[in-house]
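First, one chain by itself in structure tokens, the form predicted on its own.
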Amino acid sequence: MIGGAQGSGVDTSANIFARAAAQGGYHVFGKREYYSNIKGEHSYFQVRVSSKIIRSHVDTVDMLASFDEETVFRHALEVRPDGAIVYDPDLKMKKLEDVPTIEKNVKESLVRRLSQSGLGTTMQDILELARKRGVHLYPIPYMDLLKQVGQKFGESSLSSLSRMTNVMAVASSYALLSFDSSILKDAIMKVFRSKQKVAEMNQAAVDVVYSFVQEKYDGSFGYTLPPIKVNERRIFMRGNVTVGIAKELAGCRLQTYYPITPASDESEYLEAHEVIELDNLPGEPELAEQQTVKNGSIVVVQTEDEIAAITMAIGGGLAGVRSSTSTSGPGFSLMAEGLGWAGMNEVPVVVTLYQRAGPSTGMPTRHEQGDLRFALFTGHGEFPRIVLASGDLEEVFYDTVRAFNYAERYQTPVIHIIDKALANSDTTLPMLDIAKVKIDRGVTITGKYETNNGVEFPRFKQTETGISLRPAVGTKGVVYWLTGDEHDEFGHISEDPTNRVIMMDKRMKKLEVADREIPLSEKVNFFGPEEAKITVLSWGSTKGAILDAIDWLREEGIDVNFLQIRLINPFPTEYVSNVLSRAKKIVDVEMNYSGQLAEVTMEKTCIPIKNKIVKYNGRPMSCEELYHALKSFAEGTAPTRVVLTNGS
């Protein structure tokens, strides 16, 4: 774990650490936590590294890298015995009460723990408490070492040099682990590839730190991290970047958004990568064949509000462009009327919903899965929408593509639910297979439509599937109407009761068709043995923690299987009923207060789900706390409702 004030390079340093580990052949999982302000408040990044596949974070820290006092105060007691703390000795007399950004209740708790051990409230005191628990302490004189780097580059400004302390903390960590410094320096070059001098100075800082650590602490930590040979191609990805890449590959050519955490990072990534090379892109095969067209582009528009974002994306869908918008709960609240209009007019549009803690503004940068029912029922009246939820970044990638296919095939809004935990996690994945990206645009009219000029086109014609031929607005020779009111097959407003029944049946029938046509492999995942002591029911980003916890339980002879629901509307009722009806004990696992998926599942299957593990403190579930909770259910010692509270 590395921490520091927001704006001090915590994210960059963690990115360097994680990239270096990935380049060294390790599986990596990273979790980012930050406050909802721009600079000053505390943020931290945990990176988990293993030779085996890992999918989640743990609560206990093996090595804490710090370059400010707040990180030590907040996290020193999370470090396990025999772990390590890297710190700046110049800060050891800093007092807890003088750190204004630590909350009152956190300070009071720390003061109690320190006083119980007869210690004061300085950073040196909390380090001493950690040492008594068996933690190794490694003071690194950052400023002295930075001056050596400055002399090499002719830089004497301490304010300029101090910007490298975050990288020096990472270098100190890797030096203690005897990690290959050349791999670390290569990762630094990749992160700072657009800033040559900055990269070179940070690489020099690595050499200085390694020399100091090897001379003073060589072998004292007792753990090493040697490079591993890897026989597969992997990619190191962040959640919101994964969505952005997938949207471009899916043929999305209009993205609208109003800035909101944690969704904005995706749109900002797309803004930075608006020009798209068309060679072999599945989204633009007809353009790729034209030698005169070498590049395509995606238009990214920051709108004045979320109402404009959804309606502009709907306009793109009407014009025949694959369009999407990305938002979080407060912004999605404003999109309800627009979604209803898209439902009434059978417009394909994709909404990427990044859940965060609510209600109202809630905790803007913290995690929750509280928007499931909201996504299922947003908008008044009844209209079809497809709702799918991804559980990890590999699913995020392929589900993003599927979302556009569903939207155009079934001519309906698609809500793709992700969350803050997925958006702000970094992980290594097997190389994503672009050949699996297939584009399905449904029944559309391309080019000129042959009809008598001025003859109305039956855009909303009743069909066996409820899906009508879809022309782009502006198609030559095509005339029809669009309105928010109920209408006939040409789009003319109608309040006729017979027509109303016909049109409602037509629209809602599309969900029945989608339920039949979408393969089971895109609706659910089932992990573990058919027969198990516990069947876990869950959705979304809890997937990684559940799978890691199940692995630990299996090592103790406790069999647990896991039913992950991915397509939540239309709900895979028959399959879910079959699985849950034969389960010995069902435990619902969710990141919300009420267990929303359990409630939806009971509504659809009539199977009661009493046992729940929930968490709603704004921090994602760790596999550690979930392991203990599931074990208590297996042993019969758990209450029917277990609330998890870990996280700082």
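Remember, predicted model here, so these are calculated numbers, not experimental data. All residue numbers are counted from 1 along the displayed sequence.
There is another form of this protein, the form predicted together with another copy of the chain, and it is not shown here; the text below is about that form.
Visitor: Which listed residue (L520, V501, I228, L158) meets the criterion of a heavy atom within 4.5 Å of another copy of the chain in the predicted bound form?
Guide: Exactly one residue meets the criterion: V501.
Visitor: Which residue, H380, K132, K216, R112, is the contact with another copy of the chain in the predicted bound form, using a 4.5 Å heavy atom cutoff?
Guide: Looking at the other structure, the residue within range turns out to be H380.
Visitor: For the chain seen here without its partner, which of 352-360, 116-124, 552-560, 138-146 has a heavy atom within 4.5 Å of another copy of the chain in the predicted bound form?
Guide: Only one stretch passes the 4.5 Å heavy-atom test: 352-360.
Visitor: Would R402 sit within 4.5 Å of another copy of the chain in the predicted bound form, counting heavy atoms only?
Guide: Close contact is absent here: in the predicted bound form, R402 is far from another copy of the chain, nothing within 4.5 Å, heavy atoms only.
Visitor: Check whether R373 has any heavy atom within 4.5 Å of a heavy atom of another copy of the chain in the predicted bound form, and answer yes or no.
Guide: Flag for R373 set to yes.
Visitor: Quick one: does W341 come within 4.5 Å of another copy of the chain in the predicted bound form, counting heavy atoms only?
Guide: Close contact exists here: in the predicted bound form, W341 approaches another copy of the chain to within 4.5 Å, heavy atoms only.
Visitor: In the predicted bound form, does E486 have a heavy atom within 4.5 Å of another copy of the chain?
Guide: Yes.
Visitor: Which residues in 591-608 have a heavy atom within 4.5 Å of another copy of the chain in the predicted bound form?
Guide: Read in sequence order, the residues that approach another copy of the chain (within 4.5 Å, in the predicted bound form) are N592, Y593, S594, Q596, E599, M602, E603, C606, I607, P608.
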